[in-house]
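Shown next as C-alpha cells: one chain only, the form predicted alone.
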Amino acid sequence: MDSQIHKIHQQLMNKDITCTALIQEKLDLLKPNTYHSVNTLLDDLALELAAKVDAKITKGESIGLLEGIPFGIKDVYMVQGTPTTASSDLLKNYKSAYTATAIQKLLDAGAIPLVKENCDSFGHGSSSENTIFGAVKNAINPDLVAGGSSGGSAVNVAKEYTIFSIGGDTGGSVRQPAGYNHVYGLKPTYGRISRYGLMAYASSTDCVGPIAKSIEDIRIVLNVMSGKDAKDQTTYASSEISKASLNTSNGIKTVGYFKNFIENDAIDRKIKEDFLAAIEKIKSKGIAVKELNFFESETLVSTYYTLAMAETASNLSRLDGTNYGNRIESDNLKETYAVTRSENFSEETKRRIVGGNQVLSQGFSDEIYLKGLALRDTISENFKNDFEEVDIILSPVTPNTPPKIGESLKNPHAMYLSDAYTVGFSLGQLPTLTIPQGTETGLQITAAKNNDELVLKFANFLKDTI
C-alpha cells in the first residue's frame, strides 16, 4: 500500500536522508507561499526537533514510524507558544497557552509540525477566501478556490509541502477541500478524536480530520490521534485499525447511494455521469447496489446551518477582547465590546453570528432551533435504518466543481449549497472519507458510526476498481 510515511521512515533509518535536510527542504517549499496556504512557519521548532531525530539515528537508536515526519496544522488548533490566529483579525496576535490533545499525540509520536495553515476564519466558509492571509489557491488550478475551510491544509498536502496535515471538519471542511485538490480527507466518527484545543465552531459536529495522499497515511495518523480524553467528555475508546484489515473487501456486500443526490438539476452533468459510471464498476465486482431515499439536499443544508449558526453564535460570544484578542477601546465598555467584534470578525462570521442569535432569540427558538434539533434526530434515525440495508453509502463530494476565486464571496447562498452532499453525514456524526477518484471532486465513502475501518477498507478496494 502506498505510503509517504513508510517511505520517509525507511529513508531516515537507512541514512539516505537526514531529518534536518528533509525539514529544511519542506520549509524552503513553504516559504514562497504563492498559494497562500501558510499563516505561520514553525521553522525554529521544526529544525530543533529534526536535530533531535538525527541525533538518535546517529547514535544507532531506532525511531518510531512518525518520528521526523513533517506535517501541517490548520490554524485553529492550539500549539503552546505558537500563533493561533483562526485566520482572523481578532486573534492575529494571539499565542496558544496550551496544546490540543490531537496535536500533542502527534508530537509525542515524534511527528514534526512545520506550519500553521490558512483557512476560512474560524472555519466559516467553503472556499478558504474568508481569511486575512489572502484567498488560498487551488493546487490543481490556482485560478480556482482551494475549498474550505481547511483549504491551506489540503493544498499543502497536494503540493507535497507537508506529508500530512490536520484539518477540522464541521460540515465538510476536510472532505470538500480534499476533493477540490485531489487528496484523501477523513472526517472520523464524532468523538473518536478529542476536540480539546480545537477552536469551537459548532461543537456537536466539529471533528479533527487528517488529510494525506494515501489511505495508509490516513490510517497511521488516525490511529495515533484516536482515543478517549478526560478533557473532552464526548470522546470514546476505539480499537486500532490494522494495516492487514484493509487488504480485503470481504464483509462489504451492498453499497447504497441517495437517488435524490444524483437525480437533481443542481448536480454538474459530468459529475453525475462519472458517479454512475463508478457505480457500474462496483456492480461489475459482484457488489449489490441499492438506491436509497433521503432528505432533499436543501433540507440538509438548512438544518445544518440552523444548528451550526446557533452553536457558533454561542461559542464566539466569549470573544469580545476582554481576555484575549485584538481589543479596540471605545467610549464605554458596551461600545468597546461592539467595536471589537464588529471590526475584527469577517463578514461571513458576522453573518453566522447574526443568524445564530436570530435562531436562538425568544419567539424564534421554538419555531426554528427546536425544529432543527428534531430534524437532526430524524436524519440520524434515517441513517440507522439505511445501514440496516447497506454496508456503505457512496456519494459525490460536491454537486459542482470548484468556483473561480471571488465568485463565492459574491454569492454566499451558492457557497452554502456547495456543502449539500457533506453536511448530512456531519449531522449523523458518521465516519466519511473523500477519495480522489470517481468524479472531478472525488467520491465520499460513509459507513455507520464507529465503522471507520470499513470506510478505509472500501476506499482501498475502490483504489483498484475505479
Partner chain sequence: MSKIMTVDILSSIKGAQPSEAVNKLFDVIKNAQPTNNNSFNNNHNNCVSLDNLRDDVVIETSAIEKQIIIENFPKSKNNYLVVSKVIEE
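All values reported here derive from a predicted model rather than from experimental measurement. Positions refer to the first chain, counted from 1.
Although not depicted, the form predicted in complex with the partner chain is the subject of the following passage.
S.K.: Specify the contacting stretch among 132-140, 297-305, 206-214, 392-400, defined as having any heavy atom within 4.5 Å of the partner chain in the predicted complex.
M.R.: Only one stretch qualifies here: 297-305.
S.K.: If you check in the predicted complex, is A230 within 4.5 Å of the partner chain, heavy atoms only?
M.R.: A230: contacts the partner chain in the predicted complex.
S.K.: Can A278 be called a contact residue for the partner chain in the predicted complex at 4.5 Å between heavy atoms?
M.R.: Taking the distances in the predicted complex, the answer for A278 is no, it never comes within 4.5 Å of the partner chain.
S.K.: Tell me, yes or no, whether G110 is in contact with the partner chain in the predicted complex, where a contact means a heavy atom of each within 4.5 Å.
M.R.: Taking the distances in the predicted complex, the answer for G110 is no, it never comes within 4.5 Å of the partner chain.
S.K.: Going by a heavy atom distance of 4.5 Å, is H182 a contact of the partner chain in the predicted complex?
M.R.: Taking the distances in the predicted complex, the answer for H182 is no, it never comes within 4.5 Å of the partner chain.
S.K.: Go through I252, V339, L292, L144 and name the one with a heavy atom inside 4.5 Å of the partner chain in the predicted complex.
M.R.: Among I252, V339, L292, L144, a heavy atom within 4.5 Å of the partner chain in the predicted complex occurs only for V339.
S.K.: Let me know the one among T248, S239, S361, N260 whose heavy atoms come within 4.5 Å of the partner chain in the predicted complex, would you?
M.R.: Comparing distances to the partner chain in the predicted complex, the residue within 4.5 Å is S361.
S.K.: Do all of G64, K270 and D274 end up near the partner chain in the predicted complex, with near meaning a heavy atom within 4.5 Å?
M.R.: So, no: the whole triplet misses the partner chain.
S.K.: Using a 4.5 Å heavy atom cutoff, which residues in 53-80 contact the partner chain in the predicted complex? It's fine if the answer is none.
M.R.: If the 4.5 Å heavy-atom criterion is applied to the partner chain in the predicted complex, 53-80 yields only Q80.
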